[in-house]
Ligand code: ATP
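One chain comes next, on its own, written as structure tokens: the form predicted on its own.
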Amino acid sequence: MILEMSMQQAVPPAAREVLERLEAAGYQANLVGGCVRDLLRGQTPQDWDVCTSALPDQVVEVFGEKQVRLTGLRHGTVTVLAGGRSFEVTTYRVESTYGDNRHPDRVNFTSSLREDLARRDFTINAMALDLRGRLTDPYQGQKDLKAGLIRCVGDPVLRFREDALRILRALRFSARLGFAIHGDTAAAMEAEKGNLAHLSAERVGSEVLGMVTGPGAGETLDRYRAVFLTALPLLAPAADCPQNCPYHYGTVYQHTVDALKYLDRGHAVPQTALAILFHDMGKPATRTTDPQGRDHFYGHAQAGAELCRQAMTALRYPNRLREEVAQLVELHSLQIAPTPAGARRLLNKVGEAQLRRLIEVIRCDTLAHTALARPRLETLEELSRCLDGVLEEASAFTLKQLAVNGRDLKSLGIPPGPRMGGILDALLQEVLAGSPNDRSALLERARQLASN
């Protein structure tokens, strides 16, 4: 099949140059995998991967040592630098057994493009495109792409036994593309989910992040919960934790995935998505039931923040991301004052970006409650209006933004030290409460405080 010219034109000149130079040297060369999938979906690929009949040393010979980085030579991959971009160029290959359920024991090169495509994970990733727009699609990937279906190439059990990470990749593609997973592939994921234990924490963390930030995260994690919870066992207690309370329905896990379904795509940043995923993980450990049979979860936000830190540390997430997410988890049950002063104090505590994330986390959390919790949405809307309003003011939310500083207080005869620090903090607290951030007024107030 030959693709239409507009799609071929979407291929950047640097990628075409890589293909052209390999072909000019007498080798086959094709774009392959995710970039072909994205082109067929009418999207601009982020990465452009090339497969070729040229052996790695032949690729080096074509482009020269200065233009090549030997990044994955053991697996037949070199990185070619062209047009200010990097392109992974991989020799057609077939793979042997996978002793660790993740990496092939050895790689054998082949001259057959079809054999190379046969080793790939899913049909939608097993397509290749050459310079003339000719599509090689031996496993009906384009058909599955149109049907919105994720299906393994060949026997799904073998695919997942070769590389257990493919199980999580299937979930990620489902969440990000909104695709269903073919029945045979889903059954194999369930049967082989125990092999997820062989994966490195970093790879699991990367795939989980890719899932929860996808538009279909809630639906995917709901439908394939047993597989997902095998990869993230710290969340498993949530699946069996009821919430016998007028404000809730279903288990903690059901509430969590439903909250993810409400996540606004514009707010689907790592901090917000992960905070929603982890926001109630402290509930199972804090659940109590009163004599009337009603469940309570006192202190679950604080307990959840600590469990969140444990989970994110285990998954090797960066420290800053971990702490930002844990803070959102800890504050998601906060009783919010929807006033300008309340907005200023929250800005002082967490900053604008984190406050907007917190509002989104609470909004999604609230929507996943029964209708009795809906009045909280009005509180959030009012807080958002107050936030926008106070950000337009020439106000201060931190000492750095205060219209006076230590030098100004020193000019009033107030010596540096705890006394000066206490006065500056008092001035900031008054500004947070609504006093103007006016230099003259603050200097006069500082004189009063110093004389007391």
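Note that residue numbering begins at 1 and tracks the sequence as displayed. Quantities reported herein were computed from a predicted structural model and do not represent experimental measurements.
What comes next is about the form predicted in complex with adenosine-5'-triphosphate (ATP), which is not displayed.
- With the partner removed from view, the residue among H248, R166, H300, H332 that has a non-hydrogen atom within 4.5 Å of adenosine-5'-triphosphate (ATP) in the predicted bound form turns out to be R166.
- Between adenosine-5'-triphosphate (ATP) and the residues R344, R363, R357, R172, the one pair within 4.5 Å by heavy atoms in the predicted bound form involves R172.
- Checking 114-122, 273-281, 315-323, 292-300 against adenosine-5'-triphosphate (ATP) in the predicted bound form, the stretch whose residues place heavy atoms within 4.5 Å of it is 114-122.
- The shortest heavy atom separation between G33 and adenosine-5'-triphosphate (ATP) in the predicted bound form is within 4.5 Å.
- adenosine-5'-triphosphate (ATP) in the predicted bound form is not approached by D408, whose heavy atoms all lie more than 4.5 angstroms from it.
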